[in-house]
Structures are given as structure tokens and as C-alpha cells.
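Here's a solo chain for you in C-alpha cells, the form predicted on its own.
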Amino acid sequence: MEKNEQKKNEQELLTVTSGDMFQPYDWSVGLFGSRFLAELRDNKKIYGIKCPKCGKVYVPPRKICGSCYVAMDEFVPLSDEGEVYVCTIVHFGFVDPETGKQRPVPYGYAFIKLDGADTCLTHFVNSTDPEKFKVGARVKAVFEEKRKGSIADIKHFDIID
């Protein structure tokens, strides 16, 4: 990533909201979270962060390596494809805090280990077929057409095998 682009991302702090749903608080996702979400929004790219000591790649990015306890600052691009690590098919409805809208049921939800990452990203999977939606299934991110700088800029993951 070029220095000008890096500087731009360092100055932009994104805030996550709950759509029209009222929440009695606001919170910032910080510098690393802002950069992660800005890349989703602006470039449809998923970035992780690499530990300089053990080489472990975290997604979403975090400041300190959970294994070595050293500061991390090397952002690395990750594939938008990966493998289902843990999954479930949810059959009860709830109000999605990202949108403030009722989530239709059933839906798939999974821990996804993206190619190039050592940790998992949790997200929706566009399948409820237990023959296809299972541990080890290959998936690919599908991005929203209009993105706003939130994890919901990844609409869901599709099963690709």
C-alpha cells in the first residue's frame, strides 16, 4: 500500500451504527478497524495484520499479537476466499444490530478462515443446505454494491465448491 493511501487511512476513523435502531451508545472501531472497514468499502479488499515475531495473520486486524504480545503494524492483503471452520444454520429471528432490521430465517453463519489468515472472520453464508454448508466448504465473499464502511459491506459468503 502506498504511503499517501496509508496516511489517508490513518486519518479516517469510522463509526459503526445500528441503522435506524436506537442504541444508547456510540463507539469507534479505532485506527486498525477503520482501515480494515475502509478497504472493504473503497476497494472490496480484505486486509489482515501480521505479527512481526511469529508471523501469525489476524483478521480483522488487531493491535497486539495474542500469542507474542508484540505490537503489529504490517497490514497484509488476504484472499476473499476461504474455508468454513465452524458453522451453524440459525432458525430463530432477531433484529440485526448492523441494519436494525429483522433478519430472515433460516440463515447460515460461520467462522471462516480466509486464505492467508490464521484466525477466522465470522459472517453470514448464503446457504442453509447441510449437504453443502459444512466444515471445510470453500466460500467466497460477496460484496454489497453500495458500501458504507462496515462489516456488512460483505453481504455474505457464497459456497463455491
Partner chain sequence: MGKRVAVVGFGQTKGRSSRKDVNGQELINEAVVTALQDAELTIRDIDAIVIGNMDHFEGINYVDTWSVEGAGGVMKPIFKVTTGGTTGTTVAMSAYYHVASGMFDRVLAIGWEKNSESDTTGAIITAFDPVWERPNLGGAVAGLAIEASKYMSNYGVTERDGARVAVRERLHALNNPYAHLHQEWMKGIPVDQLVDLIVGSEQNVMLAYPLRMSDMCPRTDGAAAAVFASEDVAEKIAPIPAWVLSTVNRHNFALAGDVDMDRNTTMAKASKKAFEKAGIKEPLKEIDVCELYLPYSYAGLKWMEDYGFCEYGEGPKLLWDGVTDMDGELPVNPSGGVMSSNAIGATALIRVGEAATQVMGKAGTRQVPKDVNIAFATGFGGCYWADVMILGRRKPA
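By rigid core we mean the largest C-alpha set that fits within 1.5 Å across both forms. What you see is a predicted model; the values in this text were computed from it and never measured. Positions refer to the first chain, counted from 1.
Just so it is clear, the following notes concern the form predicted together with its partner chain, a form of the same protein that is not shown.
In the predicted complex, its partner chain lies farther than 4.5 Å from every heavy atom of Ser79. In the predicted complex, at least one heavy atom of Val95 sits within 4.5 Å of a heavy atom of its partner chain. In the predicted complex, its partner chain sits within 4.5 Å of a heavy atom of Arg62.
Residue contact check for Ile151: one or more of its heavy atoms lie within 4.5 Å of its partner chain in the predicted complex. A heavy atom within 4.5 Å of its partner chain in the predicted complex is found for exactly one of Lys44, Arg103, Lys132, Lys53: Arg103. Taken together, the three residues Phe36, Tyr107 and Cys120 all come within 4.5 Å of its partner chain in the predicted complex, as judged by their closest heavy atom. Contacts between 72 to 94 and its partner chain, taken as any heavy atom within 4.5 Å in the predicted complex, involve Tyr85, Val86, Cys87, Thr88, Ile89, Val90, His91, Phe92, Phe94. Once both forms are overlaid on the rigid core, the distance between the two CA positions of Gly116 between the shown form and the other one is under 2 angstroms.
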